[in-house]
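Coming up is one lone chain in structure tokens, specifically the form predicted on its own.
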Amino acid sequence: MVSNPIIAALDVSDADEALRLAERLAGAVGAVKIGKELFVTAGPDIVRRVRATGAAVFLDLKFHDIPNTVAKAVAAATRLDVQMLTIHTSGGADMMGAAEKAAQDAAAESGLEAPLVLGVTVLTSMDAEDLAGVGVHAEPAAQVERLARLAADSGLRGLVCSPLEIVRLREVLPRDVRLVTPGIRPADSSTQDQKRVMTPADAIRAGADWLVIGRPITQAADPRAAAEAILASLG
């Protein structure tokens, strides 16, 4: 994952299809993302099966609950040997601190490397109007910064954020905080339901550590060739 910043989103519901994609993309991406649809359909076993292919796994379930419940969920995910997982920063400082501690403790007990617990700030599908609709009267960038600072102060070592907020976050957060960036679309791709997007090369130049890319890879006629072309564009 260090040498290849691309995380391919396996946004499919069929376990066999997900495995075929993971195997086809082996070596062309740094990791694969397992999200809610695939996890709910195929269960924890899909994580084990994908890990058995040698792929690093980003488990994107966005835990958000009371601290004890989230801690237990994070510990369970850690024991599945995932390399990244997500929680919502809007759960607050106590929840985030409990999640990071659970990841570290469960990893030590299992003889594994602790996964990077990533705080999700503002979903890339949301703009200022969407935030106002849920009672947050702030621009997305300001809300992202508020939640990002809280996450770093709570001990999280990574964040998920829109590429449009990367530059500002690099200015206000410790440099060792890792930034994972969805909303990535090659220049010739549709933005679809993402509202705050950026090209892969621009996101890396802005300071992203990893890029989450779904449909431009997985729905391409040749997913491996699409991933390789994106990687080459990072130059």
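We number the residues from 1 along the sequence you see. Owing to the predicted nature of the structure, the values given are computational and were not obtained by experimental measurement.
Separately, the form predicted in complex with cytidine-5'-monophosphate (C5P) exists; it is not shown, and the next lines address it.
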Task: Answer option from Arg185, Arg168, Arg178, Arg49, heavy atom within 4.5 Å of cytidine-5'-monophosphate (C5P) in the predicted complex - done: Arg185
TODO: Would you please decide whether Gly214 lies within 4.5 angstroms of cytidine-5'-monophosphate (C5P) in the predicted complex, comparing each non-hydrogen atom pair?
DONE: yes
Open item on the list: With a cut-off of 4.5 Å between heavy atoms, is Ala9 one of the residues that contacts cytidine-5'-monophosphate (C5P) in the predicted complex?
Closed with: yes
- [ ] Decide whether Thr124 counts as a contact residue for cytidine-5'-monophosphate (C5P) in the predicted complex under a heavy atom distance cut-off of 4.5 Å.
- [x] yes
- [ ] Spot the stretch among 168-176, 24-32, 37-45, 206-214 with residues whose non-hydrogen atoms come within 4.5 Å of cytidine-5'-monophosphate (C5P) in the predicted complex.
- [x] 206-214
